[in-house]
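Here you'll find one protein chain in two forms, each presented separately as structure tokens under the names structure 1 and structure 2.
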Structure 1
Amino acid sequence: MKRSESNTATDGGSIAREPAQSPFETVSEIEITRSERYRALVNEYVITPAHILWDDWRARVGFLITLSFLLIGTVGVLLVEETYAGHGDTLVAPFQTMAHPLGTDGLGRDILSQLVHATPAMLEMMAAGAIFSTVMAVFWGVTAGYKGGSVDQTMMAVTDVLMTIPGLPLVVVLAAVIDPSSAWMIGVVLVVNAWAGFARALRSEVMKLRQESYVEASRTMGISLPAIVTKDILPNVMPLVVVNFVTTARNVIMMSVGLYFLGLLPNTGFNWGVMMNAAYGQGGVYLSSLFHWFYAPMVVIVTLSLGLLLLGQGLDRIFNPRIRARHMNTDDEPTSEPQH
């Protein structure tokens, strides 16, 4: 469509010369091709976050640690042979032979192999817990915050009750009575009430957003509730959600390993907590010949926990608009504007 200065109305809008041109058919002056739009999306969602992550050494370390655990859990399992009782001599000290770089345990099982083969179940547990708690919290918080009134009051009463119940005893009791068998189930049980706190935080955020003029505009225009929630509300709380996802994953790991260490969760395959439990049972706290067996899983847990903590802080920075603006590619400004 061609335009000139002469067909611009006083309020800046354009007057259609051709009678067939209705205002509803007016399209944007700047045309964005599909490839340009994709480039903008990639720039916004991939390149800019990557820049920010890479710029901060803490976030970089966190990202690399988390990524390496993901790789160990997927590729590493294929590379490292699964160990079995009597695989090597019992209690081989670490850093002595190439066959068992981290030594062996009291049954001659390779420690490195145990650590690696415990990872997939841990990742599943983390994923299950984080996904369940995020979905629950988002549903609960957004509904309560958006609906308000008696719905909000009822839903918040439920979260208040859940928040007061101490998590660890509740999880222990549930695990003892329900006896969950798969890693996914355990992950869900571990966050059974942990989502309530985040639901409350989300609710207050949504209550603030609800008052924004653009949400009001959408409401006045009669846009459906699901559309408002997904297009206007959710993108704005996404930063909180992503950071919470990582934090929850970290809590799930710390809790599950602690409970496995006590033997309070059903024993399924290799596990860092179970390793600690076995070493502890044979005197790992005081026998220095068992230290490599007892401390190796602890080092792994602390590393993963540190990685997730740093990643969470880094993600927090990614979503901080002030930091974000500095890293945005400013050459193609019109196309890099946020899409939501």
Structure 2
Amino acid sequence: MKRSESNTATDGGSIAREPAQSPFETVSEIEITRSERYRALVNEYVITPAHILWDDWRARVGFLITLSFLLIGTVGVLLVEETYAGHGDTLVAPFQTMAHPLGTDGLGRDILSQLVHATPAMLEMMAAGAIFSTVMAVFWGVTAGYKGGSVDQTMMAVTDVLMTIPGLPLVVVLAAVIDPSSAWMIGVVLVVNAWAGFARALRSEVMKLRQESYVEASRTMGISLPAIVTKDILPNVMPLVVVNFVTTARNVIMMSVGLYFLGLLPNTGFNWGVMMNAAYGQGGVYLSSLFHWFYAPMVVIVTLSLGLLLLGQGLDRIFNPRIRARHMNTDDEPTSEPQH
């Protein structure tokens, strides 16, 4: 078509040209009301995660076990009386009396009461260690991976130094120097350099993500760095972050119980490791009359660790963008999710 024809209408008049519109100025013709927006947020952050959680038996079991320990640590301590030396007869066998359903130890202290009142401190240690380790690893890994260059080299040099320091001796030295009395402080000391390994792994993932087309488009559009990190980077690494959070919490349980058992952490109250240490000292490993004293805290530790492991697998599915999108698309026509 000639240029003169393209600018002339059939009646001989000229065609009015519309000003060219940038693709970034295009406005959607669909309007969403405020109630629809709220409904979409509830669907994305409440209903969809609940569907994913309930569709997986591992997530259900892990969630119920973890919730049970949270209730024991908050409500249970109010319902179960704190025990003391001479509370009952010594070494009462379990299931012999309702006053001491799990029996008593060598000092006449109720086993069930010790298990319940040791739970809050353990939950505090788990929360402190997992939060500290995850926040440090995410900040360090995402910053180094996204910035690159000299910032990356400097930050990774620090992580390499931390990773070369043996964790257990460092914790023992810090516990001797600081002498922590707070459960929150003990939780941080236990993972003081444990975040370095995950920070390096996270940095590798971020280096790949920053080359993706949608991240490049965000940078071209002039979107701020915090917005790119929170909306384009973090959602894609959340499964890794969640799994690391739960894994760190499990490691805090094992490390704290082990160090308390060995007597390397200050005794600040009831603790499952201290119970096992006291029972072991009286021959609880091989004397059947002491089995309830030694193995009751071990069963509790294994149960909590298993619950966190199963919950971590469920949270991995909740924060997986592909699985979330699949469940959001099937809200009207629910389909069964394949079990792995």
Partner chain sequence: MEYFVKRTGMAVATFVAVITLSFGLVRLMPGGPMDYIRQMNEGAGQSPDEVARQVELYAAMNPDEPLWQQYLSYLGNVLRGDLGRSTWYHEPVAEILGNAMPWTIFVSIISMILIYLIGISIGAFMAYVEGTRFDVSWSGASILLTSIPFYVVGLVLVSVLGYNLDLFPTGGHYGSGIDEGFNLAFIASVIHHGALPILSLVLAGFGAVALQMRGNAIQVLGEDYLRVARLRALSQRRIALRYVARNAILPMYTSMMISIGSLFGSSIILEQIFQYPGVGYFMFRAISARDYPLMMGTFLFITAGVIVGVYLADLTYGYIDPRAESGDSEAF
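Rigid core here is just the name for the largest C-alpha set that superposes within 1.5 Å across the two forms. Residue numbering: sequential along structure 1, first residue numbered 1. Values in this document were obtained by computation on a predicted structure and should not be read as measured data.
*Asks:* May I ask which of the two structures is the form predicted together with the partner chain?
*Replies:* Of the two forms shown, it is structure 1 that corresponds to the form predicted together with the partner chain, while structure 2 does not.
*Asks:* Aligned on the rigid core, do the two forms place the Cα of residue 226 2 Å or more apart, comparing between structures 1 and 2?
*Replies:* After core superposition, the C-alpha of residue 226 moves 2 Å or more between structures 1 and 2.
*Asks:* Residue 188: CA shift of at least 2 Å between structures 1 and 2 after core fit?
*Replies:* No, its C-alpha moves less than 2 Å.
*Asks:* Answer yes if the CA of residue 215 moves 2 Å or more between structures 1 and 2 after aligning the rigid core, and no otherwise.
*Replies:* For residue 215, whose C-alpha is compared between structures 1 and 2 after core superposition, the shift is 2 Å or more.
*Asks:* After superposing on the rigid core, what is the C-alpha displacement of residue 166 between structures 1 and 2, in Å?
*Replies:* Comparing the two forms, residue 166 shifts 3.2 Å at C-alpha.
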